[in-house]
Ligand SMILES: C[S@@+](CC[C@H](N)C(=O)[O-])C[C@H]1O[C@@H](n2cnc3c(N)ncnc32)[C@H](O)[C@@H]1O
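Below, in structure tokens: the form predicted on its own, a single chain.
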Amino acid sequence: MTSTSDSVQDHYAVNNLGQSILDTLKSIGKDINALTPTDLAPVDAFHLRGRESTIELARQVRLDSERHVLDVGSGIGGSARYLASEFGCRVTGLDLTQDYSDVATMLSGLTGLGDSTTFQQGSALEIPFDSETFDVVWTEHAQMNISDKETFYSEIARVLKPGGLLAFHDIFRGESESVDFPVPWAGDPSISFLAPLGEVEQILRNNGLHPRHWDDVTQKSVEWFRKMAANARTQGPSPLSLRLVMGDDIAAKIQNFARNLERGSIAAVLAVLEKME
């Protein structure tokens, strides 16, 4: 029997992802030996509002060269590279998908960030680090594939130092129960675990995580989708796009994502919480 973990990894698996990214970069005239994090943003910031939301979240977090950040659900390393390059902090990425971790490591090397970012495969339900290791835990669009929210957030609280921060940008269940599939994180309901905000807020409090910043960015995300659709109509598709990581059915995934947000089936929140000492 296939486990949920295996099904999630299968959903995100893309054959020859790293080589496809490199080939596409070359085709648009990029020197792969002189890449910057900005060059990769169209393909490695695959969450709502892309690099824009990463920048917005980072502004709410105390980051400098002394901070050690754990990025849970780090994907191919886009956010980790942005944080390391902009703030000089050390970032460790953890992702369930081995291929993502391998590609993230390769791209960090090509951008000169191999020393400040490291990536490894692992489960967010059994974070493979000692307690009170990290100053910041960062996560964008990972928990939607995790049914056990209690363990997810308790593991995050465990590895945070007292006074440390959890920074997240995530998707939760909205007022409407109906969600159209496929969406970027799931082809069908079997690996989509959207919790209501009230339930998540209680779990966070139970684990000593208290909000310093909490912003419902659902409407902002709807407007971003509208702008993205308008740009696509006038500019056409870019070779370096999320199609490389999301597959050929990306149009259906994006359309359903936008529709679910607009009708209130899902909600988007950007937040920073502090682990009480």
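Note that the coordinates shown come from a computational prediction; the quantities given were computed from them, not determined experimentally. Each residue number is its position in the shown sequence, starting from 1.
Keep in mind that the form predicted together with the named molecule is not shown, yet the notes after this line are about it.
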Spell out, yes or no, whether the shortest heavy atom distance between Arg49 and the named molecule in the predicted complex is within 4.5 Å. no
Taking the shortest heavy atom distance, is Glu155 within 4.5 Å of the named molecule in the predicted complex? no
Please determine whether Asn207 contacts the named molecule in the predicted complex, using a 4.5 Å cut-off between heavy atoms. no
Is there a non-hydrogen atom of Phe168 within 4.5 angstroms of a non-hydrogen atom of the named molecule in the predicted complex? no
Which listed residue (Leu57, Val217, Leu63, Ala45) meets the criterion of a heavy atom within 4.5 Å of the named molecule in the predicted complex? Ala45
Heavy atom within 4.5 Å of the named molecule in the predicted complex: which of Ala84, Val183, Ala142, Val200? Ala142
Choose from 103-111, 74-82, 159-167, 172-180 the stretch whose residues reach within 4.5 Å of the named molecule in the predicted complex, heavy atoms counted. 74-82
If you apply a 4.5 angstroms heavy atom cut-off, which residues in 113-141 are near the named molecule in the predicted complex? Gly122, Ser123, Ala124, Glu140, His141
